[in-house]
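The chain that follows stands alone, in the form predicted on its own, written as structure tokens.
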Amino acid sequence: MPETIASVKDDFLLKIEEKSAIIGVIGLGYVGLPLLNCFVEKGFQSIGFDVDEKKVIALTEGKSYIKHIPSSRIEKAVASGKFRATIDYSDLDQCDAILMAVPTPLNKNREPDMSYVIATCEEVSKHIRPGQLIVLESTTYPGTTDELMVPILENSGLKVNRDFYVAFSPEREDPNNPTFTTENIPKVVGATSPEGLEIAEKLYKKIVVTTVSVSSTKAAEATKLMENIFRSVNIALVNELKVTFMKMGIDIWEVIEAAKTKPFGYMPFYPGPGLGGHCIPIDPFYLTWKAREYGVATRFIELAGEINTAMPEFVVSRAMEVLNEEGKALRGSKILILGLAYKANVDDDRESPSYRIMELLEQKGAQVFYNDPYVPVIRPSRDYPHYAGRTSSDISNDYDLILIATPHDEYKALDFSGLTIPILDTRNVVQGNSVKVFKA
């Protein structure tokens, strides 16, 4: 490597050590905002970028729009003078490191939708300058960084590993997890050059307990996919066992509690009404799509996906059975779904199976309402725009069926004994042997 480039690397490392490096984070959602906060709290001048002006205004005023991130944390960041949010991407040239945390959803054909990554890289390429580090944190298929991201950035006329550095470091956020946060979750890092890896590792070590370096960006991309495919496959297994055991009159939840007493060779996974969130329902399909390029059929992964995506239909069929036992038809019945968030105690409803259940029930003629203390009003979404604006309803006996879809603590603390209508519990929330409680 030429002496001048070596000196650029050394200057970068010195800036990181002295905390004079300016950090830019693109995408201020559930991943980007905590990441930005961490750098601010460690003393780095940081700039957050987002296309949503409402988010930028809220952050500038010290307000959080994510339930588990308190506004007090944003207020403190703003007051430090080291935090700033903007929609003006021309400020990217001020940043030494640019970390990208943008959505990577699937399209209607369950193929990777890379439009957000492409648009962001195109924007970065307009403002890139020599000596910068560009890192992608969005979960994606192996090869994205090298094959998609780098060529777009090089449209600037600059060359990777000569003029700028590129790395991939997958996010590992688990919203509202009280034990594991951005700071104490090990950070996997892969780069397109040894110099880029050294810089990226040193940068992340300033905000996380440890980094785990791998040989390439592809290995880092594959690491995140393996983590979530592992979960997807095991959840599919326990969902299949749930259906099988139910036919046999066996409670899957009782079996799991007994099985997890084994101190080795077993890890508990839990069934549910379907998969939700920004990772597990989506990430496995990134690998199945990319594997086809190499002539590989990922049958195990695809089967797990089929089982998990079929769970909302199973829940609806159970609702029909329960109502039938009450002498009622699904068509015309009033059903209250408890929980729109994809997991307990968060306001994140991305990919939530509750929406699919709601849609299926309505297609069969039911009147569907919902209750969620974390989602008082349904926000606009790409997949279910027609539900935007609906508001949370009270829990009462004014329905023909209550369907528990999310195990919020508020529901676990609720005394259901005052309800005289049947309850379909997909999350083992209601304890006891009430004849009005059914499992799904």
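As the structure is a computational prediction, the values presented were derived from the model and not from experiment. All residue numbers are counted from 1 along the displayed sequence.
Form predicted in complex with a small molecule: not shown, discussed below.
In the model of the complex, none of the heavy atoms of Y374 sits within 4.5 Å of a heavy atom of the small molecule.
Contact check for P407: every heavy atom lies farther than 4.5 Å from the small molecule in the model of the complex. Residue contact with the small molecule in the model of the complex: H278 places a heavy atom within 4.5 Å of it. Although the partner is absent here, F39 is not a contact residue: none of its heavy atoms lies within 4.5 angstroms of the small molecule in the model of the complex. With the partner omitted from this view, the residue of I69, A388, L414, V51 that lies near the small molecule in the model of the complex is V51 [heavy atom within 4.5 Å].
Just one of V166, L338, V315, A101 comes within 4.5 Å of the small molecule in the model of the complex, counting any heavy atom, and that one is A101.
In plain terms, the part of the chain that comes close to the small molecule in the model of the complex, with a heavy atom within 4.5 Å, is 131-139 out of 131-139, 202-210, 249-257, 180-188.
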